[in-house]
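Quick heads-up: it's one chain on its own, the form predicted on its own, in C-alpha cells.
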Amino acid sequence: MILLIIFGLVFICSIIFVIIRLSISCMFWISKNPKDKQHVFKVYFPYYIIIFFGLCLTAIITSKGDSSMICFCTVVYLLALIIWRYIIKQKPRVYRTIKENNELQNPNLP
C-alpha cells in the first residue's frame, strides 16, 4: 500500500512538473526573440506569475482554506519560480563545426 502511495505521488509530481515546464516553454515559443532569455523574462514573466498567483489563490479560496490545498499551491508556485530561474540561468549551448573542433584540437596543423 505504501509503495502504491509513493508511486502515485511521484506520478502526480512528474505530471505537474511537465505541465509547468510546458507552460513556461510556451512563453519562449510565442516570443519574437526566443533565444534572448532576458528579454523573454522581462516581457512575459510578470504576466505569467500574476496569472499563476491568481490561479493558486482562486484554488485556495474555493477549497475554503484547506491546509493540504495551501501546501499544494505553495509547492506548485515555488516550483514555477525555480523552473523560471533554472531556464534563465542555464548557459546557452555553443555549437561548433567539425572544422572548428579540429582546429581547436590541432592548432599547429595547416
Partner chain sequence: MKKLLLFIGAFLFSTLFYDKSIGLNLFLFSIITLIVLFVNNKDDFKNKRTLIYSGLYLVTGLAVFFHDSLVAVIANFASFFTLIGLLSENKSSIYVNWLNGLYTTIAGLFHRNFSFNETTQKVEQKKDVDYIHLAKIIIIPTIIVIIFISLYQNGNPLFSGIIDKIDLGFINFQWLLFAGLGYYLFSNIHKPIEVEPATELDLKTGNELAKSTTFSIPKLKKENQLGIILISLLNALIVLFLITDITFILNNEKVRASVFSSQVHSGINALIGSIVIAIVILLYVFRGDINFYKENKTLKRLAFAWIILNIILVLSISVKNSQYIYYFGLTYKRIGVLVYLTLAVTGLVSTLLKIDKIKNIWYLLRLNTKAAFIVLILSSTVNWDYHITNYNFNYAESMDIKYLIELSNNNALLLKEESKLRVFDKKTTWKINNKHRKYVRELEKNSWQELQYDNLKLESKQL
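Positions refer to the first chain, counted from 1. As the structure is a computational prediction, the values presented were derived from the model and not from experiment.
The next section is about a form of this same protein that is not shown, the form predicted together with its partner chain.
For the residues Ala59, Ile30, Val75, Ile49, the 4.5 Å heavy atom test against its partner chain in the model of the complex is passed only by Ile49. Contact between Leu55 and its partner chain in the model of the complex is not found at the 4.5 Å heavy atom cutoff. Looking at Ile16, you'd find every heavy atom of it more than 4.5 angstroms from its partner chain in the model of the complex.
At the 4.5 Å threshold, heavy atoms of Ile88 reach its partner chain in the model of the complex. When contacts are judged by a 4.5 Å heavy atom cut-off, Cys26 does not count as touching its partner chain in the model of the complex. For the partner-free chain shown, Gln38, Phe41, Lys42, Val43, Phe45, Pro46, Tyr47, Ile49, Ile50 of 37 to 52 come within 4.5 angstroms of its partner chain in the model of the complex, judged by any non-hydrogen atom.
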